[in-house]
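Alright, two takes on the same chain below, each alone as structure tokens: structure 1 and structure 2.
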Structure 1
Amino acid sequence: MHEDLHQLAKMLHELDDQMVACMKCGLCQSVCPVFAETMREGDVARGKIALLENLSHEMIKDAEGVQEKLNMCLLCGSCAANCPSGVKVLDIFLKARVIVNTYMGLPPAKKAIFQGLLTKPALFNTILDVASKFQGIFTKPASEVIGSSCSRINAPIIGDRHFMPLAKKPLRKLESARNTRPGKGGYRVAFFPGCVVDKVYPKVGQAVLKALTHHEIGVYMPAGQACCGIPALASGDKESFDKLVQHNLELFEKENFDYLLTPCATCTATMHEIWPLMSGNQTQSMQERIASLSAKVMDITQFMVDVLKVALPVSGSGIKVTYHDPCHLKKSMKVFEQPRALLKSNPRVQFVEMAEADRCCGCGGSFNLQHYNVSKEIGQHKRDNIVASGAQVVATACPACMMQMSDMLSQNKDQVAVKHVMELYAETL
């Protein structure tokens, strides 16, 4: 076991340069939604980084304990966005999850081989090598992941949660794959609805298509889109992640377009930020291909406002709508004005700002499944702020946030509807 830990520590050395930037100031305590509930230092970025450092320096033996803390995280990026030292907290956590979770997931016999491969210099080379050698033994076969990999959706409905039911028909059955030329709109875009829109909120996808059609934008929406990969990566499964990236890459490289649009904040941030970040193990040409597709990824509301410059007559009467900032849109992509602009210029909407609009809703993908109670407490704060705003509708730009807020509002029997900003926009067309 001791030798094992030594090897794990060596893997983690790769993160030392990023971790040393943390000056332990503790300011992340003020923004971490998990810490706000548990008040435990091991749950906040500073604590997690300290634990990883100690694991990396072989001062800690209980790797499982560290793994547990590492998974006690929404990957919301609030800490990184607020960090005075600019620590790349999400990079560190994602890479550490891959290292620690892959390692912990290995049966003892496999660990020995895993260690043998450590002679290779690049961290993710190693993991990829190991992963491909043991493909099918300790990672999920890709087919299981592609197409239906969002663990959040496959999960059984348990406890007292109010899950959004799966849509009767997914988007891909309601709207046929398409490949249209631009009209007056001039642009041609690729559309990536994402798993949650496809399976739970097809109406969001339909709203987007309606808007794009209205503006005469050419749309490439191929059949056979795969998950963006974040659920796999967040549970440390780099191999499946890489497969998903490659699958999507090949699919979208078939056509030319100006932007790759998604209505899902998490998909946008993953494809725009995390795909290139995690491509270090790939060949030079693959890295370049990923980078060039990533650069085209854009949030749908940002496209409407910054590119199409849609401007509706400002009114201010109509239903009261408030807006929730998805962490991955505001903190990762710095997009927060555009969705508001779309709402404020909507003649059917009277926009009201809620308190702490950018406070995390507590969903965090599989976090919600592993730590439902904490997730629910975080969600309850969001629900309280929504209700206090007096809004009849809470709009947002991420289907995962929509699910979490629906769950919370419905448990509290609140009469507040949850909608995507694009649904409200499409209603005006």
Structure 2
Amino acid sequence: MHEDLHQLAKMLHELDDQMVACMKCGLCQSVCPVFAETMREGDVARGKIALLENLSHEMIKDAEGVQEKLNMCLLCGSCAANCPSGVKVLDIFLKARVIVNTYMGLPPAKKAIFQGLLTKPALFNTILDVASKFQGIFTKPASEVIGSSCSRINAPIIGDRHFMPLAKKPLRKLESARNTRPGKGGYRVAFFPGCVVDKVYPKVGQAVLKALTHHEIGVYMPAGQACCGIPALASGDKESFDKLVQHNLELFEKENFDYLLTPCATCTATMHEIWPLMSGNQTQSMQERIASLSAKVMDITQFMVDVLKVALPVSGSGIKVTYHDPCHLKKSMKVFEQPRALLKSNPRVQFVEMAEADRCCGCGGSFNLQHYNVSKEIGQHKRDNIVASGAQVVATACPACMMQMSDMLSQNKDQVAVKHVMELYAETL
């Protein structure tokens, strides 16, 4: 208990140091997708920082109220990317969620999910494998073009969503663990598919592996990979986050490689940026190990273009494809030219830019579950821009964004397919 209080005091002090740079200028209002829908000051970065400046007092007075305001955030990073003072808003909000959770304790449902399932990859995988076999009893097809489903019954959590079903076979069962040496490509990489690619979009993982094989890149894809940890951390569960980081760290430290590649923007940003950011409570040795692995993390499209130099200027005349910028990829990792280069160099693709391509799609992980109405309103703007582009396919580099856009397009009965950039690239090989 004494250690928890000491850690809490330390985190509060760190938070104070980071918030002092906020000038309360309000520029975050113009880019916050949540504020655009709710028009509430407490839903924008400036309002939350004003709340956090007196966090210790506010927690004692109304801890649940503080938690509710902090959770009303997509963690998209739009505010941080446009802040003239360079305030690291995402860092502040993540740490604040951990502080509030440390003070309040994790709710039983989240404790069961994160500590009972997510930190136990084998059990987590088994449960979802079983669920995939019986999901057809409760769901029905919603769109053949997109491949989405909807619920047969009025389920409270699902509501009127159009969702992507669990894959009949996850990636880990379609593709066995790999540990191959490099060929003419000269590089050896580790591959981290991420939970959503493994369980919902295995075709994305297969496209990546096909591309790496084509370019004769050695691949280390170990069995037993766990979640990158962001769902737990976003809910303030630092304990589960630390366990997941350590699990994956030990797994990937077993082999040497040049880069650790992921096809998920959220996993990329989490492993590259947030792992070292949140390692302050670890030993110096562990911090150095995390930093060493994090430095190797790279988005797959960045690897294809910046490292392998595969994008060549080709004038495509095929299907019309537009691109959505995942928030974590563009705003956190500054990767946005590379996926476009892959699309523009594809002879089967006629690339068209949509309006507000980097506007958040509204998913935000657990935000979509807790605040679906707001998430849907934000997602509708993205849907409108996709349709207005005239594209037959919307491509992106984040499976979570794929799920959100699929929901919006499917509900509107739009005949627009949703694909990962690497799927389109792999089709040319």
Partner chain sequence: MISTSLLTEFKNLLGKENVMDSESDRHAYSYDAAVLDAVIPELVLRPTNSEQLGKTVALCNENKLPMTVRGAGTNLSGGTIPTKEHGVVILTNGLNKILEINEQDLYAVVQPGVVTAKFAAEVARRGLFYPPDPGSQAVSTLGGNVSENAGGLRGLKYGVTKDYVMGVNFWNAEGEYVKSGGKTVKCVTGLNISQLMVGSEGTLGVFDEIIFKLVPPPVASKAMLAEFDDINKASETVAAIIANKIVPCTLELLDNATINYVEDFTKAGLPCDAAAILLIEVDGGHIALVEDDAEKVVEICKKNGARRVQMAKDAAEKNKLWEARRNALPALARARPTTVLEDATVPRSQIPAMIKAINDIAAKYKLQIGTFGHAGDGNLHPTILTDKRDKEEFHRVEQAVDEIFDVALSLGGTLSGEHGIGTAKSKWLEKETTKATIIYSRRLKKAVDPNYLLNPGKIIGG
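This one's a predicted model, so the numbers in the text were calculated from it and none came from an experiment. Along the sequence of structure 1, residues get numbers from 1 upward. If you superpose the two forms and keep the largest set of C-alpha atoms that fall within 1.5 Å, you have the rigid core.
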Identity of the form predicted on its own, given as 1 or 2: 2
Taking the rigid core as the frame of reference, how far in Å is the Cα of Glu14 displaced between the two structures? 2.7
